[in-house]
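One chain follows as structure tokens, the form predicted alone.
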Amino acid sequence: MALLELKNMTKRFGGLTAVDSLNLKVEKNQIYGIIGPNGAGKTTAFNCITGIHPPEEGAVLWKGKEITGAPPHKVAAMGIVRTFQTIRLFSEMSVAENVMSGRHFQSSQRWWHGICHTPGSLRDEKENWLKVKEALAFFKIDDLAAEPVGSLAYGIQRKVEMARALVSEPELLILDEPAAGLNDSETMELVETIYSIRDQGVTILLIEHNMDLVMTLTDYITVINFGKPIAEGIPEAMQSDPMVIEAYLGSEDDDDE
């Protein structure tokens, strides 16, 4: 049974079909890539999976159970956590505070426990900060724990966003263009980081325009164009697939026009 499965998932905005009958199966411990030209519907597919936009047709299955249209907070609580193409952090809060915000779903306490400072709330807070400390060390940003996120370089903010996602202890981590805005050395470091996350037992589903990264990193790829899947397979097969090449580079007929 696949960890995540999409069955004929379709999303429309008025007369525009953004995602058209998308099928895919993400297996546990896989690094799965979704690629396609700009406007192909990739981020919309992620939004449908994570409950931001419910699809009009088809189904989203998590461990064989249908979760189509479940709200984002419930999807996250199930173990499906994402980052965004545009970084969404609390700019005036510190790095550590931003990462701590990702522990919400793992906390066993309720808000009133903290007010009363119960022994359980103190143990919970101690455990949460320990997880934050581990995440900061994993991403090599522990020396920046007290710094306001808004004052840091873009590449560091990417790490903070991923750290925040990781401390929620997801089973599936969805990354929307994680290499966007990174330089070559940061991208190489990102590849090693994603491998390390997978080695911790976290399955990865990602969108990425950096083809070198996709072909190096992923185990399996689905290619979509105009919202519709046009090819799928291992990276080596996708590199030479005529439909994939045409989607990215255009056909000779397009050039003639």
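The first residue of the sequence shown is number 1, and the count goes up from there. Quantities reported herein were computed from a predicted structural model and do not represent experimental measurements.
As for the form predicted in complex with a small molecule, it is not shown, yet the points below apply to it.
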{"property": "Distance check, Glu177 to the small molecule in the predicted complex, heavy atom within 4.5 Å", "result": "yes"}
{"property": "Any non-hydrogen atom of Arg198 within 4.5 angstroms of the small molecule in the predicted complex", "result": "no"}
{"property": "4.5 angstroms heavy atom contact with the small molecule in the predicted complex for Leu205", "result": "no"}
{"property": "The small molecule contact at Cys48 in the predicted complex, heavy atom, 4.5 Å", "result": "no"}
{"property": "Of Lys63, Lys28, Lys228, His209, the one that lies within 4.5 Å of the small molecule in the predicted complex (heavy atoms)", "result": "His209"}
{"property": "Stretch from 34-42, 65-73, 190-198, 213-221 whose residues place a heavy atom within 4.5 Å of the small molecule in the predicted complex", "result": "34-42"}
